[in-house]
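Quick setup: one chain, the form predicted alone, written in structure tokens, and binding and motion questions come after.
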């Protein structure tokens, strides 16, 4: 960006940000998404500029009770860091135990999900349901902060929280609950300013984000409808400390580079990323890669990385060997 004097101003997305004791090099993050933000996915968006990535949403109960499949979500490589582990649950003691174990496994940040609107999560009292119980939510934050400090004394691993604007239109539960979460020890608040009732419909109301940023003393991270550089800069100008890309980056990991000011890559470069991503998914997941990658082929096609015939053949593939042949791996 160039000012009126012709001097190039620093890019606000590339300014460092401190979240508790964690120092981040840029203010553009990848949001945690259940079933999507696997290790290979995290490496992919890191290659294109994501400054912080997250695990999928991990059940604190699964960790607490040593569920093997749940503990697999802890697996990660050094090239994914800095890395946040996102946990969900409704019991403070269980979440505290899971958070301590996440830190022992290498988490650079522990994020608590108080935003998920999915019925099977909300009906257990977890996710967005916690916004209706601010005392319980604050107690969870306090217990997790203590557990993280005990697990990693001196490391300064921050505990953050993701919230929604509320449960339904007009209740303002996000704005009302957030100060209590910060008072309990949350080092940052990420807000997706839709209500739980909206799910992912309609538009994110970032007037809520800006009001929260003006009120809280910790960084407020904006998520929702960030579809390009202009939207990201507008959120920073409104007071957000950082922004998260979410579903808009599915099938387009290069969106991170574009938000940071780069040109859209040519189709050949996009295809090279698809091949590398698919190869890493196959190496990580084996036979499960086929089902996982089916979520991505139409999106890669939509974003110009695959043509229609190849996309359709990939959708019909039945084995990782077939995927490898089609992609020339």
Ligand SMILES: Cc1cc2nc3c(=O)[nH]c(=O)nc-3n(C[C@H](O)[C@H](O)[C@H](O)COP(=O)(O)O)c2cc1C
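Residue numbers count along the first chain shown, from 1. Only a predicted model underlies this, so the values are computations on that prediction, with no experimental measurement involved.
FYI, the form predicted together with this ligand isn't displayed, but the following is about it.
Of the candidates 160, 177, 223, 195, 223 is the one whose heavy atoms come within 4.5 Å of this ligand in the predicted bound form; the others do not. For the options 33, 260, 271, 285, the residue carrying a heavy atom within 4.5 angstroms of this ligand in the predicted bound form is 33.
In the predicted bound form, at least one heavy atom of residue 113 sits within 4.5 Å of a heavy atom of this ligand. Within 4.5 Å of any heavy atom of this ligand in the predicted bound form lies no heavy atom of residue 74. Contact check for residue 209: every heavy atom lies farther than 4.5 Å from this ligand in the predicted bound form. In the predicted bound form, no heavy atom of residue 28 sits within 4.5 Å of this ligand. Although the partner is absent from the chain shown here, none of 39, 69 and 281 has a heavy atom within 4.5 Å of this ligand in the predicted bound form. Remark: of stretches 90 to 98, 244 to 252, 165 to 173, 132 to 140, the one touching this ligand in the predicted bound form is 244 to 252 (heavy atom within 4.5 Å). Counting a residue when any of its non-hydrogen atoms is within 4.5 Å of this ligand in the predicted bound form, the one hit in 73 to 110 is 86.
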